[in-house]
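The chain below stands alone and is given as structure tokens, in the form predicted on its own.
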């Protein structure tokens, strides 16, 4: 195994179990690793620190073990089983009620660069590092061997691997075959999942508990679901007894999927209307329509995927939330989210605060939301807390 020696005092983050080694911390390499190779990381006195996957870029090593042990099939099987047992013990897998959950959440499960979502008997696996890409078949076998419900493993990493890597990944089934079961069950509701062409792995599993909270507040309300994607919040709102639900997304494909999901759970229900339209254009048109809502959901895609875009992202969140404050009725409720990892909870809250102050309305925080238990945050890797949400009462 190739050895990486760190500069003096650069071992401190690894001693605190942070799972990344930055390229600037490296003093030298003994050997020439290829991208995806396992490497041993030592401090400047040659004391063992960790083993991880090497990759070209600012994050040079993603740690898979802080113990000096063999990284073999048994290691990967044990990691997958640990992740599954945790989800099972937390009651996240409920037959005939919830068969959709995240099995592996990267650093949160001490498997940096790996995302695995379960949809009934099929998992969708994404690699975000070359190391995980190189062992994709090993991981797929470990999943099927340790998760009793899973029969099919679909690999979807064409858009998630580092673009500089000299590889040409192809999406496709690693185990099993294309299934006709293109739906998922979540809290008793049925959703069509397009893992072949949809965003991420096909469905935003991370909003499961927040959708359930929304349902509690929906009875008798007129509701606007912005950036609806698959219509998850809309379906929960309807089960909660909303009197009217409007779903908005700029993607016609997303609107088609939303309509299918509403129809699957509430056939021929006239309470729901969808609009394939840009979010700000739709909100601006509300002036003409003189339309206001009792409850608004803002769940936009990531406004900032890197730090260079942070300033513009915060302006975007402020502008979007200001529009929501403009079109929410007195006594209304706003569910507002950011899934941008580079935006901190404090920065997002300040952007929403600025929008509230601009609106000159009295606003109270009812809930501060995050990601669910199947998207765990490694306590040594706070960067893993990417989903931020606020539920606000607007007078």
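In this text the structure is predicted, and so the values were computed from the model without any measurement. Residue numbers count along the first chain shown, from 1.
Only in words, not in the display: the form predicted together with a small molecule, which the text now covers.
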Legend entry - is_contact(residue 301, the small molecule) in the predicted complex, heavy atom dist at most 4.5 Å: yes
Legend entry - Contact label in the predicted complex: residue 170 to the small molecule, heavy atom within 4.5 Å: no
Inset, instruction - May I ask you to check whether residue 211 falls inside a 4.5 Å heavy atom distance of the small molecule in the predicted complex? - result: yes
Inset, instruction - Indicate whether the small molecule has at least one heavy atom within 4.5 Å of a heavy atom of residue 73 in the predicted complex. - result: no
Inset, instruction - Give a yes or no on whether each residue among 338, 371 and 387 has a heavy atom within 4.5 Å of the small molecule in the predicted complex. - result: no
Legend entry - Per-stretch contact check against the small molecule in the predicted complex, the hit in 308 to 316, 201 to 209, 104 to 112, 74 to 82 (non-hydrogen atom, 4.5 angstroms): 201 to 209
Legend entry - in the predicted complex, the one of 130, 228, 324, 237 near the small molecule [non-hydrogen atom within 4.5 angstroms]: 228
Legend entry - Option touching the small molecule, based on a heavy atom within 4.5 Å in the predicted complex, out of 187, 251, 160, 284: 251
